[in-house]
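In the block that follows, a single chain appears as structure tokens, in the form predicted on its own.
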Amino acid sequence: MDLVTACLDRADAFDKNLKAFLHRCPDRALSVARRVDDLRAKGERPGALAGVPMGLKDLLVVEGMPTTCGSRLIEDFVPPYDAAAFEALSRSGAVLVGKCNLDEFGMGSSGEHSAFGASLNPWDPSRVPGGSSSGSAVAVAAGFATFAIGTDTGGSVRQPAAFCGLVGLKPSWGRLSRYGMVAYAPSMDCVGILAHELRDAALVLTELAGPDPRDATCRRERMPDVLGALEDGVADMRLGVAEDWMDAGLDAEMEQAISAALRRFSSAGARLRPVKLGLNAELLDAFALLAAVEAASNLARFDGLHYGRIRSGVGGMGALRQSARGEGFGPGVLRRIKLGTDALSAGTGRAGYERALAERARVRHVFEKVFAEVDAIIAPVCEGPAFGLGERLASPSEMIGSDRFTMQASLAGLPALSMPCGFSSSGLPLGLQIIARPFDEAGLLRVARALEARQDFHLRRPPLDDLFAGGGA
């Protein structure tokens, strides 16, 4: 009860500034926390996450609570069922404190594309927190929740984690059930985890993993013991260093932080070797096109007839659909729908889609070759610390370029995580990415823990009291 109360109080004091949550549920949270305390008082064990406060990205449904997806189009939607992720975490005793802000329908790399206002970075409110799981990252970094659930399609958990000084875990595609998650690009969408420490992320992953007949893409085999392998170390493990990504215009402080991390891996007994993964404009275009095609298909249901805001007095079905989508969707979502619709059309659009599929197959082949030689890959998450609010809004290509180091693992369906590896001279977190073989979350977390054990960046917290004296304006 005390931990939940402390998180709720902290959100009361600071979330009017940071906008981590779209909907908070203090009465519900306190009721669940009270029930956990009662069970403990009776000598019962209420679950591995009993009493632990969590945030949930507002792209996953909870029965009886609003699910907006950060969009005006469905701001009044209250689902009649729970997402699989929320079911699993509720069984384990976790306490929901609120639904978290996000880029509309998960489409964004900065947290600035929510219809209900941008989340702000708790380390520096003039900076973005990253997207699209912006509110989930802010809630954890600011101390409003112990962990949060986000989603990751091309970096939407890993990039916010890097910008906010957190662990951001994207499991293998198919590891976790996506039942009850509003789809963006289903061939890449994953439920992801944001936490301060790797052990917390591993524990949450353990509670989430398992077969689910409601999601045909969810792996039937049980996940290996990731917690038991966490402290096995990296002695004699082969770690590939993405040499060509390190040479792709990294900020000098980011390059220094990753170099320092590599030295820590080496001192822990790992054998480092350079690898080349490839990085080009065609790859960015392929990711953008494939995601847009799937988005256009998935968002077709939001037409003002089946789902979304329904308006009366609009003549004809075409006009009704155009009115609902034109007024309900933000410009970033509409841009992706148009791009995806064009690509699904006959002619040059279709040819571009087929080239994108070929590029995706090439990426998978590159990773297969690299993983024949190494056990995991060390790479950047992004080129530097969080960029300024509004800095990339005018350039969609520059914004999607923020995902250039994260989208490859998504295209290949690989497990990957971001973790702190340093701070800039201006006090902003810097993140490092680790990528592993398909369904090797145990190896991924084991490698990351070897680094975490040799540094203390994950213990630092944003100076909210200094930034917002007296709880803010």
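Being a predicted model, the structure only gives us computed values, none of them experimental. Counting begins at 1, following the sequence as shown.
Not pictured, yet referred to below: the form predicted in complex with glutamine (GLN).
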(request) Have a look at 238-246, 102-110, 80-88, 222-230 and name the one stretch with heavy atoms inside 4.5 Å of glutamine (GLN) in the predicted bound form. (result) 102-110
(message) By the heavy atom within 4.5 Å rule, which residue out of F302, Y184, W123, F265 makes contact with glutamine (GLN) in the predicted bound form?
(response) Y184
(message) Considering non-hydrogen atoms and a 4.5 Å limit, which listed residue (L203, I400, I74, C218) is close to glutamine (GLN) in the predicted bound form?
(response) I400
(request) Answer for S156 alone: is it within 4.5 Å of glutamine (GLN) in the predicted bound form, judged on heavy atom distances? (result) yes
(request) Examine R127 and determine whether its closest non-hydrogen atom to glutamine (GLN) in the predicted bound form is within 4.5 angstroms. (result) no
(message) Can you tell me whether R178 touches glutamine (GLN)? I mean in the predicted bound form, with a 4.5 angstroms heavy atom cut-off.
(response) no
(message) With a cut-off of 4.5 Å between heavy atoms, is F287 one of the residues that contacts glutamine (GLN) in the predicted bound form?
(response) yes
(message) Is it true that S132, D152 and R336, all three, sit within 4.5 Å of glutamine (GLN) in the predicted bound form, judged by heavy atoms?
(response) yes
(message) Suppose contact means any heavy atom within 4.5 Å; which members of 1-31 contact glutamine (GLN) in the predicted bound form?
(response) none
